[in-house]
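As structure tokens, one chain now follows by itself in the form predicted alone.
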């Protein structure tokens, strides 16, 4: 017989508050067109993007996270001292160690909360939400702060016609806490590592240490390019459209609801055509509000779902208590989908 005392957490977990931060600089497609041979019409038709936000030097990963987190904590009606864990999903914090979550936890004024980063690309928010739910139910933390944050402008090759227009910066955060009823459904998640080359960093960091310039990409001026995110657009598009609709349906089934029961659909803001295709494949009813934040925010990877959630609530297009299907998917290739009650 085990001598270990069983953990005692909450029966269930829920999202209690949400917050977002978008950098002050708004970048229209015209700025992107300065370095690529394309057009505003082509960018809009291919992606649905008209503008995106790019961070200034002061709008760091930590600074944006703190702004979004402060709003989420206030929205949840708790204090920072009550946060027991901080989970940050990002691929654009350039220090290998320490985790940026530790700095954020300290500056927010938590009482020495557990803090760590995860790297799950555009599915990072779903991964973090699942971890937070587990901590609340298991009892290792009463309240968990989940942050998705990116400065993807730092990882964008502005001369790459296939990706230069896609990425934006920003931070989104939610507070997950205890509940007497289930408000976060089972997560359907996974990975397809055999497709990992379809979205990747152009050059690994250690190539810069070798010093062999012949291995490094050069820009149009002959200068060494900083590593950037690249992707095989058509392959990713086909995968997202056909496979992620299946995952989304599995999440609905796992939660025991049908598309008719949904009020809101918040997919990762990767591409407007992907979003529209998923809506059609899932046969979502007309009454379901669909997040299309990508038009003015671009693809912000791990930040895209909480940013879209925050905007829908702030504009009144969604309301507290609505039932929402959320799904993230991206580099890895990884994915995560679940049904939640909006805070």
Partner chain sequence: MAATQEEIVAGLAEIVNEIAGIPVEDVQLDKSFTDDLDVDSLSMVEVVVAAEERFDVKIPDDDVKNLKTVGDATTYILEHQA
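Keep in mind that what you see is a predicted model, and the values were worked out from it rather than measured. Numbering follows the first chain given and starts at 1.
The form predicted together with its partner chain is left out here; the points below concern that form.
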*So in the predicted bound form, does residue 234 come within 4.5 Å of its partner chain, heavy atom to heavy atom?*
yes
*Would you check, heavy atoms only and a 4.5 Å threshold, whether residue 277 touches its partner chain in the predicted bound form?*
yes
*asked:* Quick check on residue 273: any heavy atom within 4.5 Å of its partner chain in the predicted bound form?
replied: yes
*Does its partner chain get within 4.5 angstroms of any non-hydrogen atom of residue 200 in the predicted bound form?*
no
*Just one of 226, 208, 242, 116 has a heavy atom within 4.5 Å of its partner chain in the predicted bound form. Which one?*
242
*Would you mind picking out the stretch of 293-301, 23-31, 277-285, 310-318 that comes within 4.5 angstroms of its partner chain in the predicted bound form, counting non-hydrogen atoms?*
277-285
*Judged by heavy atom distances of 4.5 Å or less, which residues of 29-50 approach its partner chain in the predicted bound form?*
46
